[in-house]
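In the block that follows, a single chain appears as structure tokens, in the form predicted on its own.
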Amino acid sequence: MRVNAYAALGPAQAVVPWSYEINDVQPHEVLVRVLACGICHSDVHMIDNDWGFSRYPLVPGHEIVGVVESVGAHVQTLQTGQRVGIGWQRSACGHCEDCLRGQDHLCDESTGVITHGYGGFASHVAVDARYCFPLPESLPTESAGPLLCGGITVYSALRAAGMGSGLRIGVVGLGGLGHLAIQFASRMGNHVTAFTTTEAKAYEASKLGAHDAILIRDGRPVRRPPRPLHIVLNTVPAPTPTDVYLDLLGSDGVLCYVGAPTTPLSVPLWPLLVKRRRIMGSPIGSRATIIEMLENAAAFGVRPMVETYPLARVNDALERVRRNVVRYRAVLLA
């Protein structure tokens, strides 16, 4: 079949109508008709070849919601007509140490939907059925897609950093990642402190579930939380002073990065040593964690705030993402 898509034909170019053929659905794959697809900053990085491995024509889109239209001969977990979500990951080797312990998102041979194939700015997408997830009925189509990238990124990081319930958690930044982290952390029974740069965003954070909001001035919080934090999740890509946020943590506290700073971190040893604190980073999440995240998003009412656009206005939506004016995720509708 012919797939109608939007593709970047070279670095930093606008996406244009483009099509390609899918001859056969492979035995382990499913063919999904795209209903909606979120736009992530990673799509922009891939369009611009910021990471140096983009391949053109490049069809972006890895926050996909769609309906299964056909299944490969070896697929037993999905059926035609099911509504499903697809995130960043396309495949993994299945036999390395990481894969065997259920952490296939950390596999050295992991591939991405848009790094090793064509993504969701399209009418259809063919993907490995293992990385195609049935969606709870209560998750709306237009807002489920961002959970498959932004949602799982913050949820997996918080879980890996030790989040359960009854903890004090700080979230640095209120954007596409931060607004989801606040919801997951607070609605799962934790006391959440948001760190943000404006009064308007501080008010927004409180509406999303933050119990406290502390303004950042000249890169530093204007005050300390009343009690030490157990986890600080940094969601912003701009450089931030590690010593400041380490100092807000109690003993055994974790400073976790999901936003990638553009410069190397400068890390003082003493704040780590004296309180046994640690710094970690986290990518997306395993298949099991994605399923858990979707179930909890449905159960606790975690919803991305989205702006929707028809697919034909994809370049308008991409431009708003580039300018960082979307509140807080842009979603294309078929």
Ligand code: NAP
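Start at 1 and count along the sequence shown; that's the residue number. Here the structure is a predicted model, which means the values were calculated and not measured. Definition used throughout: the rigid core is the maximal C-alpha set that superposes within 1.5 Å between two forms.
Although it is not shown, the form predicted in complex with the named molecule is what the next lines describe.
Not displayed here, the named molecule is kept clear of residue 130 by more than 4.5 Å at the level of heavy atoms in the predicted complex. In the predicted complex, the named molecule lies farther than 4.5 Å from every heavy atom of residue 275. The named molecule is not drawn, but in the predicted complex it has no heavy atom within 4.5 Å of residue 53. Taking the partner from the other structure, the named molecule in the predicted complex has a heavy atom within 4.5 Å of a heavy atom of residue 201. 259 is the sole member of 225, 136, 259, 209 with a non-hydrogen atom within 4.5 Å of the named molecule in the predicted complex. Checked against the named molecule in the predicted complex, the candidates 294, 47, 34, 40 yield a single residue with a heavy atom inside 4.5 Å, and that residue is 40. Residues of just one listed stretch (96 to 104, 161 to 169, 191 to 199, 70 to 78) have heavy atoms within 4.5 Å of the named molecule in the predicted complex: 191 to 199. Contact check for 12, 15 and 123: none of the three has a heavy atom within 4.5 Å of the named molecule in the predicted complex.
Counting a residue when any of its non-hydrogen atoms is within 4.5 Å of the named molecule in the predicted complex, the hits in 211 to 238 run 235, 236, 237, 238. Relative to the superposed core, residue 101 undergoes a Cα shift smaller than 2 Å between this form and the one not shown.
With the core held fixed, residue 260 shows a CA shift of 2 Å or greater between this form and the one not shown. Once both forms are fitted on their rigid core, the CA atom of residue 75 lies less than 2 Å apart between this form and the one not shown.
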